[in-house]
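Form predicted on its own, single chain, as structure tokens, below.
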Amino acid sequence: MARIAIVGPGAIGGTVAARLHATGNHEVCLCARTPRPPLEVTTPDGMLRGPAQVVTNPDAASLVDWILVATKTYDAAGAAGWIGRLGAAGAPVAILQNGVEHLARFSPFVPADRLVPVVVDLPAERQAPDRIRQRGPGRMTVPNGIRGEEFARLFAGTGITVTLTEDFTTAAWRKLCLNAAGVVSALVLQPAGIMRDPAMADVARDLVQEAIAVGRAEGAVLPDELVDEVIESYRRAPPDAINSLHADRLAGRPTEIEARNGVIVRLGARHGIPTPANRMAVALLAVIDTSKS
């Protein structure tokens, strides 16, 4: 039985925690800044309850075998405060976050050989402090290797599929292309059904085309057809589905715009690739974030 800590029990962290807990094969604890009511996660397989153990003070945390970080991308330093205590014996750290900078975010805090970057494809939404809805199948992708294999074994019997890849760069950029288009919903505060509007789909295409160009410059293998694949994935989604960027705006929280679209702009500038659509999206959401602070 593995002892697993989930740092950041939001929609993704809470769903993962409930899935791991339901197997009965692990001891799972949630690490959060404030006390949380017991989680209920509605999944395609039925209702699951999250683990009862919630730790709110890093100093009270016990050593674990694995640390899964599912905080917002901008809170790496906050997560590091937990990692130092939970992982004092050298526990590996899986980074379940958006973007393509998983390792750069945590390398100042954790030795590289303990880090496992994870691409997460898990359509989950927090509907209340104690309720999460998982809308579809859960999938994760990790680099092939010993750490990746160990991580995959944790999820045996959870209903979440873990794939090992020799090309994590491509996997991460494919997901970023999908996320880049999601800024449309966040800007207009309309769920996934907005992509059925041809004008909005065209805006999304510009965002994804820029992401593909930058991703290729970073070494990812991304076909031209990916643009249409992204648009179709949004159109096939439930029309009321809300992505995390949109959800953060609705809740008045800071957004992950820097990790999702900002990185496209920053790396595009490094490679001399124009990214006007993503640049505009970043500027608009930056003003919105600033107005809330």
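All residue numbers are counted from 1 along the displayed sequence. Bear in mind that the values here come from a model prediction, so they are computed numbers and not experimental data.
Although not depicted, the form predicted together with a small molecule is the subject of the following passage.
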property	result
Partner-proximal stretch of 75-83, 180-188, 201-209, 143-151 relative to the small molecule in the model of the complex, 4.5 angstroms, heavy atom	75-83
Partner-contacting position among L222, I194, L122, A91 - heavy atom within 4.5 Å of the small molecule in the model of the complex	L122
Partner contact for A11 in the model of the complex: the small molecule, 4.5 angstroms, heavy atom	yes
A70 within 4.5 Å of the small molecule in the model of the complex, heavy atoms	yes
Partner contact for R33 in the model of the complex: the small molecule, 4.5 angstroms, heavy atom	yes
The small molecule contact in the model of the complex: A171, any heavy atom under 4.5 Å	no
